[in-house]
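Okay, so we've got a single protein chain in two different forms coming up as structure tokens, structure 1 first and structure 2 after it.
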Structure 1
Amino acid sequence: MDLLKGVRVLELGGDTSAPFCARLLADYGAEVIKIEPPGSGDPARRKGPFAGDDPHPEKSLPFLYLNTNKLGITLDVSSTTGRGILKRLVTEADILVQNLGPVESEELGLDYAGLSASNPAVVAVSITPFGLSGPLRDCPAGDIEVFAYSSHLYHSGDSDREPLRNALDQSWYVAGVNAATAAMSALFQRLFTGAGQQVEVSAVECLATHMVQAVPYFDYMGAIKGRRPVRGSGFEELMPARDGYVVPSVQGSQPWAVVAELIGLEELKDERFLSGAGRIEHGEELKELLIRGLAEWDRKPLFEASGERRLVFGMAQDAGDLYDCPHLAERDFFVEVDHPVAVSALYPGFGPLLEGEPYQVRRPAPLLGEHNREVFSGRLGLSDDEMVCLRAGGVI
């Protein structure tokens, strides 16, 4: 995939949001240089789980997943020398994406004023929980706080229990993909104006824009949408099947008879259930019948039979199921990635595929400082002596 061939990206900060943004750009062909602090590296290197459950900085699975297709260098951007080198890198960059806090950004000269002084054409992307203005600008927040503040958490989980957090730091992923779009909007505009600009991304606000039902429900009717009811028809909910959970659905263009026929319980064909209103009216009874009917099915045969009948059922799959999925296999979703420390494994691939351009992992996540020589001497023309000097001074 070479949509972004020739685009040069710098990534600073770490953990999930900025790295995911930069990974998306790299997957579409941009050259990404990931800048990590010498010694400790990206905080994600300390995040579990780890390959072989060995808490080694080159074996963090979030880190390995989020940083494929990138070059990695170390640079102490808080030192004067380090900042000078960063400035030279910024001069040659098209996009800089970072997720440092607003205060830290300013102190390091990584705010827009500082970056545009080095390169007025740079697209400078900042990802923070609350954005760069407003009363909460400097409040610390993790994924669960972002999810809660955005109001997404209020709708996750069961209505008779506490709200339930999303899976695997999803807030940062959503912020990362939004940042990639915003960065490309600015870079596209630059083709015509020649000028860079500041791109400000708030993770809270990215999540909040998912509320396309909950916000109008209040704005139009004064109604608060809550979490999913525990009671009800059971359709569009996770329901137990013989070997796990499935999501039966009446959506799609098929009449009720097709749903009843598939699940296979004679009582489901009762005319009380024919209409949507009837199914709501007799929801409790329908749910009992559904539980009985679904107990006769394993997940996958039911899912495939529903698809063949143009119904839109789902099933709960775990990581092992996904690695075993014939559909993902046929679409070459998993890609073999060889990593010198964590060893080789099959990595999940990419979503929006491009015709005739297979997804490629050109390189595994970089080892800490792996591309220092390539970037500092190859790109910036630093001599061996200078490199030694920087190393001794702890700058790289």
Structure 2
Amino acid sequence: MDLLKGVRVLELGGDTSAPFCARLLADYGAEVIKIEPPGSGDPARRKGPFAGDDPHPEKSLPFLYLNTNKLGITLDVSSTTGRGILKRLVTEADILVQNLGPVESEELGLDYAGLSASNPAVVAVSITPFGLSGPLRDCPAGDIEVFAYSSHLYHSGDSDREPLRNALDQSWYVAGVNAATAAMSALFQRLFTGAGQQVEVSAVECLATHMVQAVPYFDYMGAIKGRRPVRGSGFEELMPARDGYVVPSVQGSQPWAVVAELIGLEELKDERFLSGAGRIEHGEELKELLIRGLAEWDRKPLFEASGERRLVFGMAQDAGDLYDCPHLAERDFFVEVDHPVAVSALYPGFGPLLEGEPYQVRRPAPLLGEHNREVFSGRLGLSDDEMVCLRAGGVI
């Protein structure tokens, strides 16, 4: 995609949220320069799993996915010389995205007040757990703490058990998506004002905005919406099928007889189950029948058969199912990325599709410091001798 062609982005920080934000901007065509600490690089380089089960800093699967389509340089921005070089890069940047803590960010001059001294038009994107103000602004937090504080954790799982956390650091991906959207909005506003601005993204608040039922429920009724009841009927929850798990559902306009006929047990046609109230009252018995009936089905045939009857049954797919999914294959969802160290593999593609703008991977995730010469010499005009000195001093 070339929608953001000509837009220059600097990325600082690491791990997930800022890299995912910058990755999305790169996917839309922006030129992203990823800045990593010399020697150690992005902490995500040490996060498994690794390609070939080899714990190599160039083979971290999270790093490889999060950093495609980017240039990569090393720069110690905590040093005086490094900050001077960063200021020169900022003068040519449209966006700087980072996920450092507020204190460190301010000390490095990465807030808009500091960056605008070099470039008043720059959009300064900060991603933190709790935001840049408030009593918790300096508190560190991981994915599980963000889910817990945002109230999402409380609503996951069965009511007689402890809450369930979400998987795969999703809070940081949600924050990254919000940051990318806000950054593009700020760029659009800059067309009219000519000025940049501070974009502040709180991961907790990004998730809390999704509590569209629980919060009004408390506000209007003074009641806490809890986790799902234990004695359910088995519908709208994961249930075992013969080869995995499915999500049977009674949503839609089809009568109960269609659901009962699909699952295939005569006992399900009992008049006690015809109404929603009856299915709740006799939920435990219904759940036992559902377990018996679903045990005769494989996930995919059940999913297809339910769709033919205009029922909403889902199947829980694992990564292998996604990899072999004919629907995703038909839509060219996976793209092949050839990396010089981790070799070739299929990567998940892009969610939104725009007409006439096919998704493409222009380059794999950068090796540590791979584009130092291209950026420092080609862009900033540093000589070979200056490069040697900077490298010897640990600045790059």
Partner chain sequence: MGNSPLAGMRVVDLSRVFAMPYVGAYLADLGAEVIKIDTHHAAFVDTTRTITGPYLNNEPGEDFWNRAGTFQTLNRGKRSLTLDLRSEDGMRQLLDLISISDIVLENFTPRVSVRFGLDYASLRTARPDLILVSNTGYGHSGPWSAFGAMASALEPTHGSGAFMGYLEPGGDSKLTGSAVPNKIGNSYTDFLACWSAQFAILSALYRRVLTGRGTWVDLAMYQTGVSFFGEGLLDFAYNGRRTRRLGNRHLSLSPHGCYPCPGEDCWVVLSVRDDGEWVALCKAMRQPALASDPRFADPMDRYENQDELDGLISEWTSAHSQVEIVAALQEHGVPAAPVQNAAQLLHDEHTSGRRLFEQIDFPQPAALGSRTFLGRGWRLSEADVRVRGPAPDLGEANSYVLAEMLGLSQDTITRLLDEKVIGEELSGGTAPGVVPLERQAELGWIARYDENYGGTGQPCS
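What you see is a predicted model, and the numbers here were worked out from it, not measured in a lab. Note that the rigid core is defined as the largest set of C-alphas that superpose within 1.5 Å between two forms. Quick note, the numbers are simply positions in structure 1, starting from 1.
Only structure 1 of the pair represents the form predicted in complex with the partner chain. Taking 2 Å as the criterion, residue 253 counts as shifted between structures 1 and 2: its C-alpha moves by at least this amount when the rigid core is aligned. Relative to the superposed core, residue 280 undergoes a C-alpha shift of no less than 2 Å between structures 1 and 2. Once the rigid core is used as the reference frame, the Cα position of residue 318 differs between structures 1 and 2 by less than 2 Å.
Core-based alignment between structures 1 and 2 gives a C-alpha movement of 2.8 Å at residue 308.
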